[in-house]
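In the form predicted alone, a lone chain appears below as structure tokens.
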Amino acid sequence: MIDYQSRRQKLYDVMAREGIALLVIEDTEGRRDPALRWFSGHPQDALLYLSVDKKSLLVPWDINMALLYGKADMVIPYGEFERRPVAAAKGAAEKLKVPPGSKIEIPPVVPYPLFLDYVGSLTDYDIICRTEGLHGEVEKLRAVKDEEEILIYRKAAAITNEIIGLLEKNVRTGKIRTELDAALFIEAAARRRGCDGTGFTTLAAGPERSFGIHAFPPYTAAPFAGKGLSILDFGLKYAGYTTDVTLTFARDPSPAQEKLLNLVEKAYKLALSMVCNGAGARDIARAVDSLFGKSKKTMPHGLGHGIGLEEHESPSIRSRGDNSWVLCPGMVFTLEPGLYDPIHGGCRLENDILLADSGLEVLTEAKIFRL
């Protein structure tokens, strides 16, 4: 069972050091933040208030769901605050006995007019809204998975691997012929195995559309896994956490397509060999960029990213100069080298990686399938 109080305690300690009396976490339409679920267990559509004296208040839109899932010291329906975030913050400060003059930190994504509303309404408090603040600390906390999260990921990966095997079988036997077949098969297979569904919209791109990093629309009724290169990028959401894998199906590839396949496989092996405790995420990404550069190829996206309650979390595995992430035990992330050509099509290979105390663990079994 997840110990939400222990998770919150880690943040309370940071709040005390920084002199923040109350933190506002908001997950509402237009301003989603899965930190709500990470700290309280409530799936979505609520505000969570954490006070430095180690008290929590959950303000949900749906009180019935909150009573079922939410884990907080107090739960008050959003309707009691007219479903207005500023009114809810004022009420939370009163309920949690936040002293006048204290600092209240609101989410960095709050639009400026709403920020002014906070300032104008909570005149007894110092309203803090900053990019690198407590919400950045939350990002760091969520980047390192705890034991319960790792157990969830091993289960989610096992289901994902089972479906990968079924996809390969059904493609080879001709049961999956179109992008639509692949996408709908994944959705149904995931739910039959106890998943919440897919973690994001499945991307199925046949030979005519695989040249795009993310084809648009994500899938159509076009042929899949025909002659050339086809990409299938999907994730399964289990207990709120999503996997993220990409398979490439290659049928009778041309010499140019075979070169893309070999380069991507080589890049994946190189990246995997560099994963260890203390490795710089940027260093790994730069090594892959250098490998592709020697063949005069460029990867137009990052090498990987963290996963969790969202499909894209920290750490970032990319070569940008501002990437300072260092890998450490407990991180779960993807490695997904890919190359794309408007004539020959695209190829990407993506697996989910756990850096455990004992070393690297490849959770998923995605690969390039040569048909």
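The first residue of the shown sequence is 1; numbering continues from there. Computed from a prediction, not measured in an experiment: that's the story for all the values here.
The discussion below concerns the form predicted in complex with another copy of the chain, not included here.
Colleague: Using heavy atoms and a 4.5 Å limit, would one call residue 212 a contact residue for another copy of the chain in the predicted bound form?
Modeller: Yes - in the predicted bound form, heavy atoms of residue 212 and another copy of the chain come within 4.5 Å of each other.
Colleague: Give a yes or no for residue 108: in the predicted bound form, does one of its heavy atoms lie within 4.5 Å of a heavy atom belonging to another copy of the chain?
Modeller: Because a heavy atom of residue 108 falls inside 4.5 Å of another copy of the chain in the predicted bound form, the answer is yes.
Colleague: How about residue 53 - does it come within 4.5 Å of another copy of the chain in the predicted bound form, if we only consider non-hydrogen atoms?
Modeller: Residue 53: no, not in contact with another copy of the chain in the predicted bound form.
Colleague: Taking another copy of the chain as it sits in the predicted bound form, is residue 43 in contact with it (heavy atom to heavy atom, 4.5 Å or less)?
Modeller: Yes, residue 43 lies within 4.5 Å of another copy of the chain in the predicted bound form.
Colleague: Among 154, 172, 97, 83, which has at least one heavy atom within 4.5 Å of another copy of the chain in the predicted bound form?
Modeller: Only one listed residue qualifies here, and that residue is 83.
Colleague: Under a 4.5 angstroms heavy atom criterion, identify the one residue in 258, 73, 196, 137 near another copy of the chain in the predicted bound form.
Modeller: Looking at 258, 73, 196, 137 one by one, just 196 meets the 4.5 Å heavy-atom criterion.
Colleague: For the spot marked by 279, 296 and 359, is every residue within 4.5 Å of another copy of the chain in the predicted bound form through some heavy atom?
Modeller: Looking in the predicted bound form, the three residues 279, 296 and 359 all stay beyond 4.5 Å of another copy of the chain (heavy atoms).
Colleague: What stretch, of 218-226, 282-290, 157-165, 267-275, brings heavy atoms to within 4.5 Å of another copy of the chain in the predicted bound form?
Modeller: The contacting stretch here is 218-226.
Colleague: Though the partner is not shown here, which residues of 57-90 have a heavy atom within 4.5 Å of another copy of the chain in the predicted bound form?
Modeller: Contacting residues: 62, 64, 65, 68, 69, 82, 83, 84.
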